[in-house]
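Form predicted on its own, single chain, as structure tokens, below.
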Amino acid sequence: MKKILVTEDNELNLKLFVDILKYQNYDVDVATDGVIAYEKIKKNSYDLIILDIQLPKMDGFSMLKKLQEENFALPPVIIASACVMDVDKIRAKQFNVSAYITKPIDINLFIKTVKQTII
């Protein structure tokens, strides 16, 4: 079973992501801030990370930068963010993010993107 880390601080979004992924038979772990996500990524093996950009304690881009500076081999990352500005999408490409989904999410697009990314 593929294991996914969902990093999201909004309770409703977190529940939605977890419910969708569990229904699709994925093993789901969660982190509600960037520091917890960073620690979990360093300690566990994931097949995919779903990452919000705007997180408490450490934002998603700062976390990716820190892991990149440590030469940590990340699994594929899908950013799920309410930020729709092109600058954020460009910045995501600098971190080799696999996909960028805007919130509120389209559930069918979300599932399709996860399935295409987690292969």
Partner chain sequence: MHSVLIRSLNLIDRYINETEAKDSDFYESCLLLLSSLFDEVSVAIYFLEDCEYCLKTALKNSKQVQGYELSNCEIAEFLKTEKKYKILKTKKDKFLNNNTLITKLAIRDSVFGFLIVSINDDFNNETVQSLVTLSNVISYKIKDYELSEVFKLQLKAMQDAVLDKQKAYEIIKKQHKKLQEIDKTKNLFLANISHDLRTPLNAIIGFSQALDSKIFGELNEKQAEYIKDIQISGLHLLGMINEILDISKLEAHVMKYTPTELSAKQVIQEAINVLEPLYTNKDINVKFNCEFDGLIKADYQKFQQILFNLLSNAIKFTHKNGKIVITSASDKKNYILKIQDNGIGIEKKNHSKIFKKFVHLDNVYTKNSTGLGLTITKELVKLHNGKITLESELNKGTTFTLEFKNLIV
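Numbering follows the first chain given and starts at 1. Just so it is clear, the model here is predicted, and its values are computed rather than measured.
What comes next is about the form predicted in complex with its partner chain, which is not displayed.
Using a 4.5 angstroms limit between non-hydrogen atoms, Asn96 is distant from its partner chain in the model of the complex. Its partner chain is not drawn, but in the model of the complex it has a heavy atom within 4.5 Å of Ala82. Its partner chain is not shown here, but in the model of the complex it comes within 4.5 Å of a heavy atom of Gln54. In the model of the complex, Asp86 approaches its partner chain with a heavy atom inside 4.5 Å.
Contacts with its partner chain in the model of the complex, taken as any heavy atom within 4.5 Å, map within 1-35 to Asn10, Leu12, Asn13, Lys15, Leu16, Phe17, Asp19, Ile20, Tyr23.
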